[in-house]
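Just one chain is shown here, as structure tokens, and it is the form predicted alone.
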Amino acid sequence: MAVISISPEELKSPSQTQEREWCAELEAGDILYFPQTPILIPENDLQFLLGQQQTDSSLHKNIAYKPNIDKLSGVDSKTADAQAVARLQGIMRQYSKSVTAFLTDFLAPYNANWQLDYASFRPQEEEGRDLPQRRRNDLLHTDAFPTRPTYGSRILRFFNNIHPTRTRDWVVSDPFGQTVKQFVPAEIAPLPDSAISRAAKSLGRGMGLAAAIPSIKRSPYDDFMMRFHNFLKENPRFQSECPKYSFNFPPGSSWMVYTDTVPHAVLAGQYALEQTFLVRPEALVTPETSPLAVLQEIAGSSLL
């Protein structure tokens, strides 16, 4: 995997070939990095965000904005002020719109064939946060949502480091296709005539986890991805022995990555914004590199 830097000049009039190449690089597990963020955030809004604090970091990891229903959640009730909450909601609303408008052009091959998911504001210092193991950001993991199954759509995230002086420090590992085959035993080899539930059970056994048929709401694919997220965070061998690549994203920069593909951890940094998109399988430029395609090849069965 690599971090690919994109200058403001490259954004002015990219060719269709270049746009497809950016999509393919993302899908393969590369990080697209913007040394100068393309997302305009007014200075007075930045100063407002930098003045926000969350005292109860154990209750909510981040402040979430749900653009589809224009709702804010995760605000610290101990320090909440109605006027401040309303302003924060307005800033997050505009941030979500700005990122969506930018990516609609930048990732033109997707033709906005995605589902707009949550945006988030992350005011807490990441280093040394006291969180339960499965919620820790400083352990390498691939993303999966316990309450929002994606049904094969990929999790694309766009980040902004809005801290005025500090870097946001990441460590990443090899993409999903390499990691899943290295850390999941041979028991998940293709099954000749398996039913979907049998394929899902086999995937679960391969991780040494209790295997259960997924609920109606969660597909076998989503069931595996959630188990894999937990497995990576709880696996000391993976955390200590996997390949690691460190990146320190400076103030005023942005980056984007498929976080269901790239094992990642945030080691340090404070004050960041993020917008998530769920990119549908039919929109992908290289669908064969997706976690869904990799798992279905291993399982020998559809997992949706």
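Residues carry their position along the shown sequence, with the first being 1. Just so it is clear, the structure is predicted and the values come from calculations on it, not from any experiment.
There is another form of this protein, the form predicted in complex with succinic acid, and it is not shown here; the text below is about that form.
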item	value
Segment that reaches succinic acid in the model of the complex - one of 153-161, 107-115, 220-228, 94-102, heavy atoms within 4.5 Å	153-161
Distance check, W170 to succinic acid in the model of the complex, heavy atom within 4.5 Å	yes
Non-hydrogen atom contact L46 with succinic acid in the model of the complex at 4.5 angstroms	no
Succinic acid contact at N137 in the model of the complex, heavy atom, 4.5 Å	yes
Any non-hydrogen atom of D76 within 4.5 angstroms of succinic acid in the model of the complex	no
In the model of the complex, the one of L32, A64, I39, V266 near succinic acid [non-hydrogen atom within 4.5 angstroms]	V266
